[in-house]
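As structure tokens, one chain now follows by itself in the form predicted alone.
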Amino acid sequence: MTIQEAIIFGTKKLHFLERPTLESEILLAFVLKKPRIYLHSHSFKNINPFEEEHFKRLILRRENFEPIEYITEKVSFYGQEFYISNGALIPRPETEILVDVASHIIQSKNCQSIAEIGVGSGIISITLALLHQNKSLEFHASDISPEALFNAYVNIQKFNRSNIALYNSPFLDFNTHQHFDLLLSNPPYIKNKTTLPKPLSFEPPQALFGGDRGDEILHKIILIAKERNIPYVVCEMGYDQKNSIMAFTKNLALKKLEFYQDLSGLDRGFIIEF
């Protein structure tokens, strides 16, 4: 089988996807450990039987809707390439907006100590650490999942970020005396028992489902910030949870509550100042 024949094979198998040829090329380039441009300049080169079998197995996994990020163990976020595996939620482009919002607060409010609940693969804290390398920031990030913490650890090592500490904890019970200037989270916020598209079945349920209403963890995070005297909170949320957040915070004596939208114009997160 030549490289061109392999790409055609993969394209036909993945015909139901939006970009079957591109995904076929990504998987073949991954198998051959070559950039995609190599495939086009060597289209008539034969691949060996081991490479062919490996490629076909990856195509089968993608044919069964496994996300390509898990197959290649790579995901792009904010212009960087991060490690990702099945134990952590795949970062979405919408979360880059959370990073932008948080980055503005760090800069304008001179934040120094930052907490993240539900660190996942570590992309939020690591990206902010990279964006503000000239500041003496320290990050404390928690997650209940050992697999997610492994992802975060790998990425922290990859980007050589020594100012990010990880904790196996659901919330902020790892250091009761630590003061934080900013609390960040992209928590689970989907309602329990919601039927999801098949690709999401490969992602960890504890990173997706937030309770019987979906907003329970968001409410918990807001209360933690109030109890711990954390002045700023930035959270991602479901597109239909704005009214819930407004009602929950009505009597919490906030200085400010703002919502931000995603690229589709849907409500996607909130900023709280206590």
Ligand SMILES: C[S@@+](CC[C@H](N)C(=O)[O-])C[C@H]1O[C@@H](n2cnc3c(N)ncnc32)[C@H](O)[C@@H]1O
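It should be emphasised that the depicted structure is a prediction, and the values quoted were computed from it without experimental measurement. Residue numbers run from 1 along the displayed sequence.
Keep in mind the form predicted in complex with this ligand is missing from the figure; the text below concerns it.
K.L.:
Give me the residue from Ile106, Val75, Ile156, Ile117 that has a heavy atom within 4.5 Å of this ligand in the predicted bound form.
P.N.:
Selected residue: Ile117.
K.L.:
Report yes if all three of Asn86, Asn151 and Pro199 come within 4.5 Å of this ligand in the predicted bound form by some heavy atom, otherwise no.
P.N.:
Answer is no for this spot.
K.L.:
Does this ligand come within 4.5 Å of any heavy atom of Phe171 in the predicted bound form?
P.N.:
Phe171 belongs to the contact set for this ligand.
K.L.:
Hey, in the predicted bound form, does Ile97 get a heavy atom within 4.5 angstroms of this ligand?
P.N.:
No, Ile97 stays farther than 4.5 Å from this ligand in the predicted bound form.
K.L.:
Decide whether Thr249 counts as a contact residue for this ligand in the predicted bound form under a heavy atom distance cut-off of 4.5 Å.
P.N.:
Because no heavy atom of Thr249 falls inside 4.5 Å of this ligand in the predicted bound form, the answer is no.
K.L.:
Wondering, does Ala207 line up within 4.5 Å of this ligand in the predicted bound form on heavy atoms?
P.N.:
Although this ligand is absent here, Ala207 would touch it in the predicted bound form, with heavy atoms inside 4.5 Å.
K.L.:
For the interface check, one of 156-164, 106-114, 67-75, 139-147 should have non-hydrogen atoms within 4.5 Å of this ligand in the predicted bound form; which one?
P.N.:
Single hit among the candidates: 139-147.
K.L.:
For the stretch 208-233, I need every residue with any heavy atom inside 4.5 Å of this ligand in the predicted bound form, listed N to C.
P.N.:
Going through 208-233 in order - heavy atoms within 4.5 Å of this ligand in the predicted bound form - there is one hit, Ile217.
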